[in-house]
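Read on for two forms of one protein chain; each stands alone as structure tokens, with the labels structure 1 and structure 2.
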Structure 1
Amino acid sequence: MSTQYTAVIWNREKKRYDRYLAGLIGLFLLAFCGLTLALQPEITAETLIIRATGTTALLLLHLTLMIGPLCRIDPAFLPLLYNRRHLGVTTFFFGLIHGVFNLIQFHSLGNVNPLVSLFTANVHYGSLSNFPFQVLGFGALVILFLMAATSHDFWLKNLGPKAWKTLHMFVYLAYGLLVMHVLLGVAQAEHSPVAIGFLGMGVVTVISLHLAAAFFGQRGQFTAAAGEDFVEVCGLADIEDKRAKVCLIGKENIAIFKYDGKLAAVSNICKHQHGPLGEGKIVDGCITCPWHGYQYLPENGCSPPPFTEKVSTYELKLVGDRIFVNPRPHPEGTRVEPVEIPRKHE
């Protein structure tokens, strides 16, 4: 969290994250480039760069897409998510090097502008086997560029969380384009099934993790139709101290927190990157988002000063040991008195 924009707010965890990321990329490049150069010294530098950077970008994109669902399945993976934007921006830069070298290698120094050539050199748009696969890679690169360019919190704030999140969901379109880029491109020139095998494994893993996250992520979540004033959600014992119960009532995604002998309900959606507040924890008296540690006061949904983020709050009532929530949200930042838990239930 920050009250002013800084290029990167470095801390120990981000530095550690980036060191590991650099090590991982270095290991791959060492293995791929080292072995290629040792076994096939005839390769040209351009081809080596194009292949190494393209493969690195695709591998990093797989990692990026795996982290979200892994964290939904098991919060133990949350350290992987904390600095995921650096992973995403690194993915874009490798894709950019790959794209620029391809443009230079295959389209420059010719009789038309390289960018025009990209779209017009091969015009078999109606054919599957002859499809101009480079155009698919270009489309994916444009999406990755928009994501990398708007990855900073400045853009999150100015675009608004909803528009920002929508834009960044296009990563799945970029992923689809890149899979087809490989299948309709280099896969048709290589005799070995290894590259296709790796890609297939990657696609199956990404899809499986997302399906598993959709299943496990809703485990224990209360769901009800809208319409009633107060809806019974769960018992007191169903909520761990300083943790929350998530309930989806109509379109309202609500997190009910239990802390310090009290209950409070706020929107489950963090204002930062739409992280799941209900999977967070009360730390220092504040609801703390599991994704990037954004904090909100449980009684009014406001970030503690000097921060300015606000989320909606909801009315609660306790009947015996049963918790009821009114799914009509109060305006963001509205104070709602927390419900005191009688001592006999604590």
Structure 2
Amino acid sequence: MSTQYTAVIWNREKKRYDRYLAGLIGLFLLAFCGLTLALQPEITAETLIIRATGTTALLLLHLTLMIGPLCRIDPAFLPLLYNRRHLGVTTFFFGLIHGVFNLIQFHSLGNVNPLVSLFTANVHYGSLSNFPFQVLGFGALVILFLMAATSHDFWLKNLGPKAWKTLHMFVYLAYGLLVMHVLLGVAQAEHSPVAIGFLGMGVVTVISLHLAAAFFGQRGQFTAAAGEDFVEVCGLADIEDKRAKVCLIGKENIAIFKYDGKLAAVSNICKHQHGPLGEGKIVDGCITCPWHGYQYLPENGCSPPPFTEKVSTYELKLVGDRIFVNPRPHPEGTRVEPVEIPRKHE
């Protein structure tokens, strides 16, 4: 967490991440260009740039979409999530280079404005096989631009987490537009089964990882009907020390933490980017979000000063070794006295 905005917090981890990212992209571009030149020595420099940057952008977008579900499946991938914005902005810049060179090569030699030509050169909007696929790529690029332009926490703070998250969920629309952009482009121009095959593998992988993450996310969680004063959730032994049990009760997503011989319950939704607090742990007495390190005091759901974020809190009771939670939330930042765990149960 930080008390002020900076352009980029260039800590050691981010520098190392960016070095690896730049190195891997460089190796991929060298391999792609070398293989393309070997198979198609007659290819022009402009066409090579268009294909190389477009393929790189699409690959990076696949990786960006895979990081979230991978982190839900295995926390070892969390460092990638922490730096995912760098990957997303890099995706946009490669897409921008791809788009600019497309405009130059295909739409800048006539007497019509290149952007106007993009939308009017092919007007078969009612035909799937002849649809102007470049328009789909342009739409995806606009979405990626909006996401890159609002990637900084300044925009997250001023737009609000809900609006910001909604905007950035449009990445899936951009992904769908790009998939159709590539499929229709290959179908109309190259007829390459290899390109279609690799794209199909990418789509299947992204969908499979999201389904797997949804499955793993439901495992071990408790769901009960709403309306009861207190709902039995689990036993003390089901929660590791300084960790949480997540339960879904009606529309309430609750994280119950066990720490220092006590129990406390807060909303499972982090105020920063709606990260899962229940997948984090207690660090220095604070619930610490596994996504970006935002912290909250377990007894009142408030971030420690000088931070001002707050989440809802819930009442708990302990009967024997069974934990019960009241699914009616208290207002954000309301102190609820933690439940003491008798020594015989510790």
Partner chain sequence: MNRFPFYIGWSADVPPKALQRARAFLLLACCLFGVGGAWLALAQGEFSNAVFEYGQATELEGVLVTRPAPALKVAVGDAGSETYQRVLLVGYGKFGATGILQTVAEREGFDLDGRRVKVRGSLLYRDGKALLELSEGDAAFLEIGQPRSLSSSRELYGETSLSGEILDAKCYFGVMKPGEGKPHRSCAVRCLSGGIPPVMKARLADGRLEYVLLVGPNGEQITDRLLDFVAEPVSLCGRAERLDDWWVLYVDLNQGVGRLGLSYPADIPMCR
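Treat the numbers as computed from the prediction; the structure is a model and nothing was measured. The term rigid core refers to the maximal set of C-alpha atoms that superpose within 1.5 Å between the two forms. All residue numbers here refer to structure 1's sequence, counted from 1.
Two forms of the same chain here; which is the form predicted on its own? The chain shown second - structure 2 - is the form that fits the description.
Please say whether, between structure 1 and structure 2, the C-alpha of D284 moves by 2 Å or more once the core is aligned. Stays below the 2 Å threshold, so no.
Answer yes if the CA of L27 moves 2 Å or more between structure 1 and structure 2 after aligning the rigid core, and no otherwise. No, the C-alpha moves less than 2 Å.
When the two forms are laid on each other by their rigid core, does T36 show a Cα shift of 2 Å or more between structure 1 and structure 2? It does, since the T36 C-alpha is displaced 2 Å or more between structure 1 and structure 2 after the core fit.
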